[in-house]
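Only one chain is included here, represented as structure tokens and corresponding to the form predicted on its own.
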């Protein structure tokens, strides 16, 4: 090994990752092929690109429900829209509360606010960054309507505990599975354990049609209301054209036939995509097992993650450096990553901390809010975020890619720990 190989790329050395890695923004990191091309062409030649009159979106819904193992699936325009369908399916009252984690995409809770309800933040398990059932229990109040459990980065939440809490209090459990296609909890797929599940078809997800989402449920009433909510509450089976056909306040979240065609072609690939991600993640975890101060993702017993991201944990005391500096060095070595992932919990956003919602009203927080959105609200989340690096993960990583990512992690770890470089 030369001196340039030993020296961090951050300081002018050669990068440990020498190959261009597959990425969700390039063809090498996606699974598009002849199937997608054929169905896209079929959709175009049909002359109808709207779900109303087309066949592909309806086909997506029926085939997705069958593959997941639920009675119903409702396609829509994004993963955020899928969460909105789940919230709207409950027909909540203004001021109702939804327990949410502080580490997630904003799309998990924007639908709650748009429905004039309140997200109530519960803290997380510092190992998994997913909801801590004990804190969820503490945060439930008389207006709590549902828990939204986010399977962050593909790691299933503690669904046994959360489902038990939901049953005990007579509230709904919504699973946000946007990052967790076909992850498993005690032999069951996430998305089949709660009352409603939400998936994303956005560009970076396990399968994609660019933008899109799917809500799944066994509940007939929830499914019917979700179908209506995604289409202006217009019952399409009715021939009436009067204004009375719009049954309640709703959105237009329709998915197009072009997106539906691509998503239908992607569906059979889910199992392979998830399994390849698992195998690659397990190889990396084994390869870095002796690195000082860093460790791979923590997996709850009885779960099989889907690895949307590979969450690398950094123990600053043992590593000799904090996660931010470690992550910056990793990125310089060529490892694609979000250093420290979200950086801050979402309650630090101006939407919450400054109540920037509807004009200057601060609604609905000033009307019904019971949390102060400021640092310290969820200490475990804040501590966990300060020590994690989110490495982009991909089903098309081969053994050489994994070896180079591992080499980068080991190189950076040895540097900051003051250990001699490997020969």
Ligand SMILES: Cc1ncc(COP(=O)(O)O)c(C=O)c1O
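None of these values were measured; they are calculated from a predicted model. Positions refer to the first chain, counted from 1.
Although not depicted, the form predicted in complex with the named molecule is the subject of the following passage.
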property: Heavy atom distance at most 4.5 Å to the named molecule in the predicted bound form, all of 156, 191 and 305; result: no
property: Stretch in contact, per heavy atom within 4.5 angstroms of the named molecule in the predicted bound form, of 217 to 225, 270 to 278, 128 to 136, 175 to 183; result: 175 to 183
property: is_contact(residue 115, the named molecule) in the predicted bound form, heavy atom dist at most 4.5 Å; result: no
property: The named molecule contact at residue 205 in the predicted bound form, heavy atom, 4.5 Å; result: yes
property: Contact flag, residue 327 vs the named molecule in the predicted bound form, heavy atom cut 4.5 Å; result: no
property: Contact of residue 261 with the named molecule in the predicted bound form (heavy atom, 4.5 Å); result: no
property: Heavy atom within 4.5 Å of the named molecule in the predicted bound form - residue from 144, 104, 256, 266; result: 104
property: Residues within stretch 50 to 80 having a non-hydrogen atom within 4.5 Å of the named molecule in the predicted bound form; result: 78, 79, 80
